[in-house]
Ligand SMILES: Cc1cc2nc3c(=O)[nH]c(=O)nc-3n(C[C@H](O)[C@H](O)[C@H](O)COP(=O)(O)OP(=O)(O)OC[C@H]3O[C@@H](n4cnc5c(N)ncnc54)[C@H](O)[C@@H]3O)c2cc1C
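Shown below, as structure tokens, is a lone chain in the form predicted alone; questions about how it binds or moves come after it.
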């Protein structure tokens, strides 16, 4: 066996893998990150939007203030590290789809936890079909995830901390208390493999419920680039007059390729939202690693010591990842307990012993 070279092996270089790498580096821990280098991962396709309010029921996200604070602090660190701006604070202007949504909103406003994020005085744009009215969401925005991921990968490659390689779980072996991967050995392994978790023999027993999402890029002049527009779909500014439009939610799918049906679904909703002309530039798709209870999964494998999972970020990846990465890093390095909502232990009854 080779001599121990790194504290941690991180498998997967999407949002989760990079966030845990950032926390380990801050803690002075050595690591190696292994990634397949896929261009169509959900981390790269997603708009990187963060929103304190979730879904048609307009519920406030779990630990939302802590999540937003951690997101802000982490990207200040990232921006100082790389000398670029990645995080964009932008109010969401959301149009009601019908009278019921407007009435439900009025009831939610009575809750302080909800109303703290609402700008009820927001007015509709001429570019937006809004016959039932609109409201604004504060504390929202987006992260330039594709650019940030590319910059972080370049940094890690230059530091000798990233290897592009198609993973094979047969290459990971336990030698006593140490994990062995090729000529490298590690005290800990952290699996951050996104939707590929279903092919991971160590964690494929977890109740993942994968969700395919498709997005469009359009060219549309006349929109306010400082706002996110939302009604059935969202429009997030990219550059110049380019906007990302998304996203579909498909639970039964054959592959990760964009489809004509997904495109038509987006266009139908977009045409109900926009009053301005636009041109389609591109069409992409990715698979989100969502879970049965819609909460992330963090923690140690039930029977393999020092093998950890960081997955299931789903549709709220960029909002949750900074806080949860710090939470998991502290758990690994200092043995602090995990929040029950995200602790892998909540699914231990799903696990049965196997060759892995």
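This structure is a prediction, so every number in the text was calculated from the model and none was measured. Positions refer to the first chain, counted from 1.
Same protein, other form: the form predicted in complex with this ligand, not shown, and the subject of what follows.
The stretch that touches this ligand in the predicted bound form, counting heavy atoms within 4.5 Å, is 208 to 216, out of 77 to 85, 208 to 216, 268 to 276, 125 to 133.
Proximity to this ligand in the predicted bound form, defined as a heavy atom within 4.5 Å, singles out one entry of 117, 253, 195, 105, which is 195. Think of it this way: in the predicted bound form, this ligand has a heavy atom of just one of 111, 173, 165, 100 within 4.5 Å, and the residue is 165.
This ligand in the predicted bound form is not approached by residue 63, whose heavy atoms all lie more than 4.5 angstroms from it. Although the partner is absent here, residue 331 lies well away from this ligand in the predicted bound form, with no heavy atom inside 4.5 Å. In the predicted bound form, no heavy atom of residue 296 sits within 4.5 Å of this ligand. Using a 4.5 angstroms threshold between heavy atoms, residue 306 stays clear of this ligand in the predicted bound form.
Applying a 4.5 Å heavy atom cutoff to this ligand in the predicted bound form picks out 311, 313, 314, 315, 316, 317, 318, 319 from 301 to 339, in order along the sequence.
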